[in-house]
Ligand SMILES: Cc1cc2nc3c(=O)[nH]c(=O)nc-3n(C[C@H](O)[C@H](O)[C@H](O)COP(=O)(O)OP(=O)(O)OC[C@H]3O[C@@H](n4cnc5c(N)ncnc54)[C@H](O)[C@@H]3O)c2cc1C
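One chain comes next, on its own, written out as structure tokens in the form predicted on its own.
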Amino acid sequence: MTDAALPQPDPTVDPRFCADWSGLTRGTPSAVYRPRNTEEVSALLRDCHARGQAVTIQGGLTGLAGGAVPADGDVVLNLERMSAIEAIDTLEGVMTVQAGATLAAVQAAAAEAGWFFPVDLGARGSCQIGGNAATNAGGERVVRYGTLRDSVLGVEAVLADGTVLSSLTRLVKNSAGLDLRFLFIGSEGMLGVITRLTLKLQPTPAPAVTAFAAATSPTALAGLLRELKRAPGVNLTAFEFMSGAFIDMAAQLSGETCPIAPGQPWYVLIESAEHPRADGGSALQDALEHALGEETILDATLATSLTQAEAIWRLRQSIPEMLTHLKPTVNFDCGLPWVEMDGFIARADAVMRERFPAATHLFFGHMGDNNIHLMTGPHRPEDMLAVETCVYDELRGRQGTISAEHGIGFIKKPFLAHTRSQAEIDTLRTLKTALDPKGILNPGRVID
């Protein structure tokens, strides 16, 4: 690859590059660069490395951990102009894409080619595939398809000194030494800038059967999930649980109506990809009727039309409206074994109600992949650290994580040792020092 000229910075610093969805602000960057290709990223990093210039790497600015927020004097490297869908192999189902393409654009391109890209989340129209990879995004269909890591075959990344590391393999199996893509997926820009990816597409799934159910506790929901995983013909693609308070607020803000009796303690949105049966029923319907008979759940309904299914999903996807309604919020993204979920939620809820009775505390998440979210607010800025401490302290000793899919960024860094050992943190620091000896890439994120 030949050397490229240094790209030109934007003439002014647009305020939109100074914050992300976390609400964190730290300062004003000295310049914003929006390169168009890998060569320009390489030239920019080579120059910054020579000068010891700190670089903040940005995707779609939809993060909730503050990882894309620059400090005073940082150079911002924003990838939004690197948005090309470069190639799709329609025979094998492999896509090559620049890192700045939005998740929605990747999904649309896959569908147009007769394939399906399974990673999905509410910010699909704004978040970028490179940022999804850098945080190993999960979303709503991990229970079937895994996280973003499971859909990436190869990565091209630019190291801190401008070296272009191309590992754009399209092979599912490759045991020729360490698989370098996994250095960058989930690294939050600590080790290099992801510029291009090869993605594994999936066959278009069967039409979805969507259901909504209520239960007495997260433990009951876990029992339902176990049974659905075992049920013949059920092909789970989503299992999204929500507290009763979450559904109440979602209905208020979205204008949708809870499809079963309101006022239940817990709800779950279930989706199964199934081919229609001759008798007009579905395997999911049979399984839910059995769960009702066993009193595993309190109530359930199946959507009988696409309109009804979309209305149910709007309840689950009302999170942006909730963030606005409750701001300033503190947002948690914890991971726990199923057996630990009930105790964690009960204790965290009790502590938060006692310490912050004026705030609203909403639990929801992706039970199939052990992910619990808590949105709580409004909170005074001076109380934010105390709120985080209350919740993260409840994770100790539960075999969990402080971040299942949002990343660590700045906001969660003080609590990393709650769920990662000192040996793990030391190894992360060793990798950072080896690949970025001057510490210019996203300094201060994840580890010091």
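The structure presented is a predicted model; accordingly, all values stated were derived computationally and were not measured. Numbering starts at 1 and follows the sequence shown.
Heads up, the form predicted in complex with the named molecule isn't pictured, but that's what we're talking about next.
*Asks:* Of 167-175, 277-285, 338-346, 185-193, which is the one stretch near the named molecule in the predicted complex, taking non-hydrogen atoms within 4.5 angstroms as near?
*Replies:* Going through the listed ranges, the match is 185-193.
*Asks:* Answer for Gly365 alone: is it within 4.5 Å of the named molecule in the predicted complex, judged on heavy atom distances?
*Replies:* Contact check for Gly365: no, nothing within 4.5 Å of the named molecule in the predicted complex.
*Asks:* Is Val391 close enough to the named molecule in the predicted complex to count, meaning some heavy atom within 4.5 Å?
*Replies:* Judged by the heavy-atom cut-off of 4.5 Å, Val391 is well away from the named molecule in the predicted complex.
*Asks:* With the partner left out here, check for me: in the predicted complex, does some heavy atom of Glu405 sit within 4.5 Å of the named molecule?
*Replies:* The answer is yes: Glu405 has a heavy atom within 4.5 Å of the named molecule.
*Asks:* Residue-level contact is defined here as any heavy atom of the residue lying within 4.5 Å of the named molecule in the predicted complex; does Leu315 satisfy this criterion?
*Replies:* Answer no; every heavy atom of Leu315 is more than 4.5 Å from the named molecule in the predicted complex.
*Asks:* Could you check which residue among Gly146, Gly233, Gly223, Pro320 gets a heavy atom within 4.5 Å of the named molecule in the predicted complex?
*Replies:* Selected residue: Pro320.
*Asks:* Exactly one residue in Ala215, Cys127, Leu269, Ala309 has a non-hydrogen atom within 4.5 Å of the named molecule in the predicted complex; which is it?
*Replies:* Of the candidates Ala215, Cys127, Leu269, Ala309, Cys127 is the one lying within 4.5 Å of the named molecule in the predicted complex.
*Asks:* Does anything in 113-141 come within 4.5 Å of the named molecule in the predicted complex by heavy atoms, and if so which residues, in order?
*Replies:* Residues within 4.5 Å: Leu121, Gly122, Ala123, Cys127, Gln128, Gly130, Gly131, Asn132, Ala134, Thr135, Ala137, Gly138, Gly139.
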